[in-house]
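Form predicted alone, single chain, as structure tokens, below.
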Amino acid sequence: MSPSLWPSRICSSLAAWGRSVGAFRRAIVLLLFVVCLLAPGLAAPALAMQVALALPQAGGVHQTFAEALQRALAGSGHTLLAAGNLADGLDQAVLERADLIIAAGSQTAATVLEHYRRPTLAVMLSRGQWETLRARHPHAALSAIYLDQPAERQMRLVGAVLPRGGRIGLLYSSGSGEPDPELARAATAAGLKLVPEGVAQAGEVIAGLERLLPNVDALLVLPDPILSASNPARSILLTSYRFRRPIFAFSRAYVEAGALAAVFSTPEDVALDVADWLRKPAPGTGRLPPARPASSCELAVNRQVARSLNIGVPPDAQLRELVQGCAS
């Protein structure tokens, strides 16, 4: 008998038995009957899934995500299956039998979507990369939890540091698409003005910054497949420091390298979001969650950079309250 059918069969038997016994036993049967009615919601094995996890390579932040997801799913009833990585090879058998594929990184997701027709959740990628995947695979069962922070969260951080009326520059690679319109709206709501500047390739970063930085008070840097690479990132840090413009970035590593502050989601944050979704009843129906940023976030501030630029940054506790919902 299917696990999803046994509760109704037993409940029917209990109901029939309850009509033929005395009052005391009838009360016991009634209690058992109520438990039976709740049993479908408790029958986790009926909803349990085989979840394949594909990575771009072993080690690094993607391995951190994998280990965090393994811990977060302990006791959930779901089985997390290692499906290999792009560098060493993906496990075709695991991917073909999976109920759900979790693909870490945009290239991993692109490869999975090209070869496997399974529901796929892409993680550890930028919003721009997610939108590219969606455009290339419009009919695929696909969703994502991306690394970009909600526009309001980003601008609350900038607004906690810059005075009202401040101008915040945004450097982006034009190949990744236009900036999210919500950024400009959130900037306006925070009393700021967003000034975007697009560059076509990594070699144009310095020229783009030299056009942008004289006209703004600070620079916002978002996850970007071109600008996040090591050489463009180094050019962004050095050029911004030459113009004495603070950088609001997207990772703790960026802050440690010289950005003023960042609001970001860690691999552990993303893993907890995935696990929370998998623990809810919806995954058993095969429906993917809407694409969105991670729910949890953290803050990092480089106070040495703040002192060198003579910028007053609120204390950590106050900053957390202003940004709302982030740890530091």
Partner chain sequence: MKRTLRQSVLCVHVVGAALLPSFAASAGDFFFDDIPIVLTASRLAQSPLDAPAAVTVIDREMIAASGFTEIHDLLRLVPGFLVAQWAGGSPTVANHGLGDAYNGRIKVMIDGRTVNSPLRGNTNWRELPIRVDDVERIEVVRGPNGAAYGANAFQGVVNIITRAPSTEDGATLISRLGQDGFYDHGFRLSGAAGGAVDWRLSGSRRAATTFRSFARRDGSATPAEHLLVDTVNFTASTQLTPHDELRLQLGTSDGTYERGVPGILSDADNQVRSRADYIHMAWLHSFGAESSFALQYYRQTEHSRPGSLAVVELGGSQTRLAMVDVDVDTTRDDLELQYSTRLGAAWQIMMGAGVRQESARSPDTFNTRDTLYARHAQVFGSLGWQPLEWLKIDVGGTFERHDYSGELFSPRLAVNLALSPQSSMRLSGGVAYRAPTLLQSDAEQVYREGGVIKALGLRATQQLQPERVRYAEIGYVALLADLGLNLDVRVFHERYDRYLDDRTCWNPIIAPDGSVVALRPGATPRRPDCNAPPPAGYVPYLQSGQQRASEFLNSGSFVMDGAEFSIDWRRPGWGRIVLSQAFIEIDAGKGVLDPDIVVSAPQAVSSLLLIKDLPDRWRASIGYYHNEKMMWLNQGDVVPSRDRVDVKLARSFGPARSDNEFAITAQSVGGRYPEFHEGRYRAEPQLFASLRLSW
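This one's a predicted model, so the numbers in the text were calculated from it and none came from an experiment. Residue numbers count along the first chain shown, from 1.
Keep in mind the form predicted together with the partner chain is missing from the figure; the text below concerns it.
Colleague: With the partner chain left out of view, choose which of 233, 218, 183, 192 has a non-hydrogen atom within 4.5 angstroms of it in the predicted complex.
Modeller: Residue within 4.5 Å of the partner: 233.
Colleague: Find the only residue in 199, 90, 100, 73 having a heavy atom within 4.5 Å of the partner chain in the predicted complex.
Modeller: So the residue touching the partner chain in the predicted complex, by this definition, is 90.
Colleague: Does the 4.5 Å heavy atom contact test between residue 258 and the partner chain in the predicted complex come out positive?
Modeller: Yes, residue 258 sits close enough to the partner chain in the predicted complex that at least one of its heavy atoms falls within 4.5 Å.
Colleague: So in the predicted complex, does residue 110 come within 4.5 Å of the partner chain, heavy atom to heavy atom?
Modeller: Judged by the heavy-atom cut-off of 4.5 Å, residue 110 is in contact with the partner chain in the predicted complex.
Colleague: Would residue 305 sit within 4.5 Å of the partner chain in the predicted complex, counting heavy atoms only?
Modeller: Residue 305: yes, in contact with the partner chain in the predicted complex.
Colleague: Hey, in the predicted complex, is residue 129 touching the partner chain, heavy atoms inside 4.5 Å?
Modeller: Yes - in the predicted complex, heavy atoms of residue 129 and the partner chain come within 4.5 Å of each other.
Colleague: Going by heavy atoms within 4.5 Å, which of 73 to 81, 184 to 192, 90 to 98, 166 to 174 lines up against the partner chain in the predicted complex?
Modeller: Stretch with heavy atoms near the partner: 90 to 98.
Colleague: Pick out the residues of 139 to 178 whose heavy atoms come within 4.5 Å of the partner chain in the predicted complex.
Modeller: Counting only heavy atoms within 4.5 Å of the partner chain in the predicted complex, the contacting residues of 139 to 178 are 147, 148, 164.
Colleague: Do residue 300 and residue 165 move together or apart in the predicted complex, judged by C-alpha distance changing 3 Å or more?
Modeller: Relative to this form, closer in the predicted complex.
Colleague: How does the C-alpha distance between residue 55 and residue 232 change in the predicted complex compared with the present structure, closer or farther, given a change of 3 angstroms or more?
Modeller: Farther apart, by at least 3 Å.
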